[in-house]
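Quick heads-up: it's one chain on its own, the form predicted alone, in C-alpha cells.
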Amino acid sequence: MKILMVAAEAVPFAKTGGLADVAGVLPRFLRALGHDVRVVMPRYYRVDRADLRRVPGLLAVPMGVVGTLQAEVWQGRLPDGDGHASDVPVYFVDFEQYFGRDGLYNEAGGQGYLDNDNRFVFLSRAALELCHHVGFEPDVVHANDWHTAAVPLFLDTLYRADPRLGRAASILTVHNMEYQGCFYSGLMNVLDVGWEHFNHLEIEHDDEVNLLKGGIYHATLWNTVSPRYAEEIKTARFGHGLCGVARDRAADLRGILNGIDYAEWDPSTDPHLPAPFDADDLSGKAVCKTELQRELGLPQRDVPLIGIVSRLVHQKGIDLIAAALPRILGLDVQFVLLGSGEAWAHDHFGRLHRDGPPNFAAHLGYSNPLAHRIEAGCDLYLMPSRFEPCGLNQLYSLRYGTLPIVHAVGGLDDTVQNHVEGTHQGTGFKLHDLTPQSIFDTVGWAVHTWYNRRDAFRAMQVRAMRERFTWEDAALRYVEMYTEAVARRRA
C-alpha cells in the first residue's frame, strides 16, 4: 500500500506534542510491514538543509485569491531507532514566507501567527501537489489535526477527478479536539473549493471556517489516539463544540492507542541513566533516584520521589497541581518538575524552587536527558490532565517502574490499571473527581502504599514495567483502517 503522511511536525525535526511522535515514528513501523510510506512536513528554520537533498524544480501551489505560490522541496529520511537514516522519505516543503520562522505555530510571546490559516492550507495543498511533482500515487493520504485537515476536503473536491489522487482514501487523526483551526470566512477564497461547501455539514461553524470540522466530515475514516478519547469527544465535556460532528460520524470513527519506542525508552540500555535496571533487577533504579536527587539539589533520602514532565498548561491540570502542591509538600515526600508553558506557571514554580521548601525542585524548560532521568529516578509520576487524548509520559513511567497517578480520562484510563487496595493488583493510581483535594488524596494514597505496602508497591512496579504499548501494534491497527478506507473510497 502507498501511504502519504502529512503533518505539521514530526520527530526529530520539529515537535510540540504527541502529533510529532506519530508522524515521525509510525511511518517506520508501517514501512517494516512492507508499505511504501512517505512523510510531508514544512521546512522550518530549525530543520538544517545541510543534511537534505533538493528535489529538482519548483513546486507550484495554487492558493485561490492569493495566487499560485512557488516552493522548493527538500528530501531527507526519517531516522531509525538507532539514529541512522531509515528508508522512509521525508519531503520538506520550503516556503520561507510561511515557514522561515523560529516557532512552529506561535510568536515568542505565545500568540498564534496571524497567517496560520494560509500557512497550513498551503501545506495541505502542497502535499497533494507534491504527489504530481515526484510521481507518487498514494492509496491513502493520512492527515493529522487541523493543520492538515483541509486534505480530505481537497481530495473530495478539487482532486476528485484527478487521475493520480482521485482514488486516494483519506484518514484524519485527531490528536487533540481542542485545537480546531477556526478562521474568518474569507479563508474560503484561499481554499478555493467553492462557497457551497461553507455550510454546517461541512466546513462552517459559528460563521467561521473550521478546518477540523471540514476534515472530519470529508475524511473517508477518522480516528483519535485512544479508544476512550474516541468516546469522550462525542460528549459536550470533551467535544469542544464539535461533539455533534463526532456523533454524526461515529460509525466512521476509530480509537487507536499510540505506542512508544521501546528501543529509546528502555531502562536497561538508556544512555541517559547513571545505572541500568529492569523488571528482574530494580537495584539500578535506586541509584537513579539518588543521582537525580543529587543533580537537582534535593536531600538524598529514601522517601517517595514524585515527578512531573509536562507542558505547563491548563489542559495538563497544572493550576490544580499548583493548588494541591503545598499540602503534598507537607507530606514526607520529594517533588521534581520539568516543563515549560504558561508565564504564570514559570513564575510560580520558579519562585517555589528558589524560595520554597527543600523537598521541591524545578527545571523550567525542556531537557530530554533529564526527562529520562526523572522517569527512571522517581517512584511516582503525577499526571492529572483535564483531558488526555493518549498521553505518552504515563507509558514512559510504566516502562521505568514509576507508578503513574492519573486522572481517569482518555488514554490515561486506557493504559493505567488502578491499584486495588489490599492486593498487589494495578499499575498506578487513578482519580476521578479532578480537584486539588482529589489530587492530594490520591497522592496520599500512593504515598501511603509506598510506606506501608512496599511488597504491593514493588509488585506493581514489576507489572508496570512488563506492560507493552508498541508501535508495532498501532501500525497493524492503522493498516486495518487504511485497508477499510481504500475499499470504501474505491467502492
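This one's a predicted model, so the numbers in the text were calculated from it and none came from an experiment. A residue's number is simply how far along the shown sequence it sits, counting from 1.
Quick note: we don't show the form predicted in complex with alpha-D-glucopyranose, though the next part is all about it.
- Using a 4.5 angstroms threshold between heavy atoms, residue 315 counts as touching alpha-D-glucopyranose in the predicted complex.
- Looking at residue 253, you'd find every heavy atom of it more than 4.5 angstroms from alpha-D-glucopyranose in the predicted complex.
- Although the partner is absent here, residue 175 sits close enough that one of its heavy atoms falls within 4.5 Å of alpha-D-glucopyranose in the predicted complex.
- Contact check for residue 389: a non-hydrogen atom falls within 4.5 Å of alpha-D-glucopyranose in the predicted complex.
- Residue in contact with alpha-D-glucopyranose in the predicted complex (any heavy atom within 4.5 Å), chosen from 205, 197, 311, 101: 311.
- The listed set 288, 225, 233, 151 contains one residue whose heavy atoms approach alpha-D-glucopyranose in the predicted complex to within 4.5 Å, identified as 225.
- Considering alpha-D-glucopyranose in the predicted complex, the lone stretch of 124-132, 315-323, 214-222, 296-304 in range is 315-323 [heavy atom distance within 4.5 Å].
- Residues are counted as partner-facing when one of their heavy atoms sits within 4.5 Å of alpha-D-glucopyranose in the predicted complex; in 248-270 only 258 qualifies.
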